[in-house]
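Form predicted on its own, single chain, as structure tokens, below.
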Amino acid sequence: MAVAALEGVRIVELGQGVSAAFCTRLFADYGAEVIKIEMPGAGDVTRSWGPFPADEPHLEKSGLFFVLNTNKRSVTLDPSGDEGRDLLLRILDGADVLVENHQPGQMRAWGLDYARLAERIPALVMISITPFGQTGPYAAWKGCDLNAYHLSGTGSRYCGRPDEAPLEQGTFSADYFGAYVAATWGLASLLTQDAERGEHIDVSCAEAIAALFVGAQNIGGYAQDGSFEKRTGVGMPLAAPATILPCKDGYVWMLALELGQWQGLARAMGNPDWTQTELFQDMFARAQHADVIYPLLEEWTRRHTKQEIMDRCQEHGCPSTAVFTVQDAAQHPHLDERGFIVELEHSVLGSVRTLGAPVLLPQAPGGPRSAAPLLGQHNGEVYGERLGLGEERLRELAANGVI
């Protein structure tokens, strides 16, 4: 049986919401042991966010929590007091990585900032994921995914019409991208880790979004000559075809800019006479006559399904594609065959379909193996078996609200 790529790596997650949980799930997907610290009673805030079956809130039935926390162990612990902090430190004594997403001031107030942790555990890699980072004027500000996203300028660049207000971003974009950056550099730090020196990795979700969404093309252009791009609405105004059109069962993104792509699209449509017009052999000229071209394209797209259009375009060298819905993606045979859709058994939810590992490692396969844990499900294992606390002590800690 293949050994998981990160087997033997121990991670402790101390966080709330999306960014810390998704970061540690990426480690857990490939075999790392993740102990998730949750506050007694309520647990991680995503347990209350849903979505829930039949829209009925339940701590153990949140779809978001399920997806973010497969392959993990859950223990309840309040680190705000001396007893709770001491228990957390004992858990950290056996860990390689701590992932957290609290405000820097909160970690200092708990006595869990990197400077103090490094004195006790010199080799610890601590990953801090926050909206604005550990330093700078906004470091102490309260923020969330929304604040980080818009600090980057991405709201102005995407999405919406240029002469109207921007549209809201995709849910938790900054948190998810920040988590990917954190996991990448956390793994890099682990590869260079030694017994004498750990590292504090400071991830700003705003900066991750600025680099990955807005990118050097926009920021670099502004640095050079003060110019930058803004949202353009649907499609591309300077070249055509590049827009979304309706079809028989939804929508397709029609993109065929280069001459070879345009000719491929023409063949996919059966080479109608209007596609052979000399004027339309240039993508910029096509954009100037988009009011003529787009209705003609739509007349064709409406006669076919999005899969038929994508198949024909693929056959003829045109990158146009179906616009798949979430339902389409969840049922798509390509993703299913690659093992990206996984079915797991949960003691409360029953059988649940969820997302597999985003990267395939044939020699060390990863992905969800166990469902998201119940709140405090592994208290007995971690506190009793690992830390050696007896049942009477555990009852006392629970009665005092520590666990």
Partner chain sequence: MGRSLPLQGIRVANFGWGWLGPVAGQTLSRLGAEVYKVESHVRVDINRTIPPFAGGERDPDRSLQNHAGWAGNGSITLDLKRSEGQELALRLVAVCDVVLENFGPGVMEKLGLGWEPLRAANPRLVMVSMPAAGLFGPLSSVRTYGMSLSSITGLDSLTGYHGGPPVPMENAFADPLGGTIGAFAALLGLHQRRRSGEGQHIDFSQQEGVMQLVGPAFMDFTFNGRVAGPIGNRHPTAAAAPHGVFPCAGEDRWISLAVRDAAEWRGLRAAMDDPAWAEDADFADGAARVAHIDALHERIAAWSRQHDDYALARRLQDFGVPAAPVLNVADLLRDPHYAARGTFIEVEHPLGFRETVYGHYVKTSRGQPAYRPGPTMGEDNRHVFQELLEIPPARFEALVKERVIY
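So that the term is clear: the rigid core is the largest set of C-alpha atoms that superpose within 1.5 Å between two forms. Because the structure is a prediction, the values reported are computed rather than measured. Residue numbers count along the first chain shown, from 1.
Omitted from view is the form predicted together with its partner chain, to which the following refers.
query = Given that its partner chain is left out here, which of D282, E229, D82, E299 has a heavy atom within 4.5 Å of it in the predicted bound form?
reply = If I apply the 4.5 Å criterion carefully, the residue I get is E229.
request  = Could you spot which one of C247, M107, L77, V203 gets a heavy atom to within 4.5 Å of its partner chain in the predicted bound form?
outcome  = Filtering the options by heavy-atom distance leaves V203.
inquiry  = Can you tell me which of 274-282, 91-99, 150-158, 288-296 lies within 4.5 Å of its partner chain in the predicted bound form, counting heavy atoms only?
reply    = Selected range: 150-158.
ask   = Is Y383 close enough to touch its partner chain in the predicted bound form, meaning at least one heavy atom pair within 4.5 Å?
value = Although its partner chain is absent here, Y383 would stay clear of it in the predicted bound form, with no heavy atoms inside 4.5 Å.
ask   = At the 4.5 Å heavy atom threshold, is G367 in contact with its partner chain in the predicted bound form?
value = Result no; G367 lies far from its partner chain in the predicted bound form.
query = Can any non-hydrogen atom of A165 be found within 4.5 angstroms of its partner chain in the predicted bound form?
reply = Heavy-atom contact with its partner chain at 4.5 Å: present for A165.
message = Under a 4.5 Å heavy atom criterion, is I341 part of the interface with its partner chain in the predicted bound form?
response = Flag for I341 set to yes.
ask   = Even though the chain is shown alone, can you say which residues of 87-104 have a heavy atom within 4.5 Å of its partner chain in the predicted bound form?
value = Residues within 4.5 Å: none.
request  = For G235, decide whether the Cα shift between the shown form and the other one is 2 Å or greater, given a superposition on the rigid core.
outcome  = Moves: yes, 2 Å or greater.
key: Threshold 2 Å Cα movement between the shown form and the other one for E298, core superposed   = Moves: yes, 2 Å or greater.
ask   = Taking the rigid core as reference, does the Cα of P246 move 2 Å or more between the shown form and the other one?
value = Passes the 2 Å threshold, so yes.
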